[in-house]
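Shown below, as structure tokens, is a lone chain in the form predicted on its own; questions about how it binds or moves come after it.
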Amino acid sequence: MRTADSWFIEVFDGKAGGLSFYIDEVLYEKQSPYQNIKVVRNAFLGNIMLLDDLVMLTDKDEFFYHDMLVHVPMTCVDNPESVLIVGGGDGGSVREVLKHPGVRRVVLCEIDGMVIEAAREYFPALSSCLDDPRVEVVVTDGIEYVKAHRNEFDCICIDSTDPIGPAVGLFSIEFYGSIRDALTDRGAMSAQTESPAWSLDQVSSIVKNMRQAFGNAYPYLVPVPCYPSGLWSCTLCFKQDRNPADVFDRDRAELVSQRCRYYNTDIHRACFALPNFIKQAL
């Protein structure tokens, strides 16, 4: 919601708390077939993308999320060449994938073309990578796209919104099964899996669905200051199970991390260490 005096307030989980910031300027606002899309400006956070009045990204802190969603699975796959991003129309995940030297093809599958349109205009630091010749932008339903592509991708990152509206199907056992089928035998998947501090039951349910589809699931923690509670989770799954803390390519991780603002090899090893309240819930 946005109050009359130009303060934006995103209320988390009913009345549990929220994020607020001053809107200096509304830069963009359109209704797509799927959601309301806004881009607003704040002097401290920079440009901010809102989908249905929920904060998706800010210039200030987007790198926390994109670094960890992408580089954790990418460095756990031996020389990934073909990568799929489901969602992520802002381009941030694609930008990070392209930092890996062996990548030959990246498919961005985004259901809402208007998100891409807004990102190209107001988030050029993220979206300019979409013009890279290795990148294919597909505006379609990710669920249907994945079903049609078997044994094709070395890494898949599900860069989705919360499990509401058009994103609900991206959290189902059936979808995760399709993701597994779309991976090569060496492949790995990562997905954002909500806040363990504020939505632990939801995190547990998502991880359970992943385990049923893959036979393995490795949740890890990511601080994202402008997301509910500031503590977020992603989860990593393998087509053929292995230990993500041990198998990641340290040399490539060191090389990539020189171009990252958050990710490094120490973070990679540490992010899988979970506090007791999460372990008990899982």
Ligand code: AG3
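The structure displayed is predicted, hence computed values, not measured ones. One rule holds for the numbers: they count along the sequence shown, beginning at 1.
What follows is about the form predicted together with the ligand, which we do not show.
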Would you check, heavy atoms only and a 4.5 Å threshold, whether G187 touches the ligand in the model of the complex?
-> no
Looking in the model of the complex, any heavy atom of S178 within 4.5 Å of the ligand?
-> no
May I ask you to check whether V55 falls inside a 4.5 Å heavy atom distance of the ligand in the model of the complex?
-> yes
Does at least one non-hydrogen atom of Y218 fall within 4.5 angstroms of the ligand in the model of the complex?
-> no
Region of this chain that lies against the ligand in the model of the complex, out of 30 to 38, 237 to 245, 251 to 259, 220 to 228 [heavy atom, 4.5 Å] | 220 to 228
Among D112, D162, E152, E81, just one has a heavy atom within 4.5 Å of the ligand in the model of the complex, namely D162
Within 61 to 92, which residues have a heavy atom closer than or equal to 4.5 Å from the ligand in the model of the complex?
-> Y65, H66, G88, D90
